[in-house]
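So here's one chain in two forms, each on its own in structure tokens, numbered structure 1 and structure 2.
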Structure 1
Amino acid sequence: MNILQTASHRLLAAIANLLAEKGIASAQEVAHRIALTDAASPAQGARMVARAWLDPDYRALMLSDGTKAAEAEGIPMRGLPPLGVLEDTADVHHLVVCTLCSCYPRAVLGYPPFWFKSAAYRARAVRDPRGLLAEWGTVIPDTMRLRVVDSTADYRWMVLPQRPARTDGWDADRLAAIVREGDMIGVTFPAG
């Protein structure tokens, strides 16, 4: 049998031990990295979206340089892929996919959700995007053009959704609370 076909949990344990013995990754380093990764969540992206809805200067920064906009919200971006932000308008809706693997704006949204990594999502997003969105009950009006952004290379992409009607006068915390993970990938709209 090919050694790579070893049961995955045994392979992980053996690799983890070897990396620790060789001084490449200690158990403490791994635990620390897990804690850092667990700390990233869609709440971070939601804060950026809410701020962009309230502050035109921040919105402009976010659209021109997503990495700087994330850093301005205290999100660590150093050494991570550049972040691009796609602006939804009354005429255009964006949907993000990675057909080749599962590139995801992890720095601002955390771990990719299960569906984003699935073969069905990756296959359908580029070929039948409107049918795919129906899985979430999301209907893009006929008057709206859809732009499907395939993260094939070095950028990571998030969507800046449209601010829902009936949110006038809301503060940043209240706005951020209605922005969900899927809204920033384009499978859903923020619920006003």
Structure 2
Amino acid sequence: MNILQTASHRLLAAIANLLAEKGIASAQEVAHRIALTDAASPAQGARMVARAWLDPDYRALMLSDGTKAAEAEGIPMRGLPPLGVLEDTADVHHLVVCTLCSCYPRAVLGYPPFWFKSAAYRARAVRDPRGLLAEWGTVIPDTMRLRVVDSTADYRWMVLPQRPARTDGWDADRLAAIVREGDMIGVTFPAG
């Protein structure tokens, strides 16, 4: 363990102790929250997307209150910023960025990919989103509106991508298997 890791572990322990002393959160609660965050992955968001593609009531819940929709899938959201869900349509495509740092719906998608936090991605997503997406192989037609949405410390966003053609009759597991992390950020489309 290097000196920075040692210092950050000591700082984390001091914060956890302070939270416990103030009666805000016990050491066990802090450890539990860390374990939940470490266990989160894009597979959780993919399950939400697949369920929304199959269940109109769940889709409506997801679009009106992403936090409640995540909790309905067993994803704990207590104490986290609200989750908003942006629906892609034939007319509008969404791209999520955090222009200041790396605000990301970790409870639903896990830790952000390294590129999401990069200054280059953050700047290009705002300045030239179509060019950025083209580099990912995601071509947005000129007839389609591209909406860039800023994820913040106060509100986190994910995308409900359009269900690919030729997936009629697929079950939730098969649908979830084609949803990638990039699809739920808006840099790619689900393969179908």
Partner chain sequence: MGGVSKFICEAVDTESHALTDFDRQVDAIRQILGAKKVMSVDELRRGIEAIPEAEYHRLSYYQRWIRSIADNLLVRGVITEVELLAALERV
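Just so we're on the same page, rigid core means the largest C-alpha set that superposes within 1.5 Å between forms. Reference numbering: structure 1, starting with residue 1. Just so it is clear, the model here is predicted, and its values are computed rather than measured.
In this comparison the chain labelled structure 1 is the form predicted together with its partner chain, and the other chain is not. In this overlay on the rigid core, D171 has a C-alpha that sits less than 2 Å away from its partner position between the two structures. H32 is among the residues whose C-alpha shifts by 2 Å or more between the two structures once the rigid core is aligned. In the core-aligned comparison between the two structures, the Cα atom of G23 sits 12.4 Å away from its counterpart.
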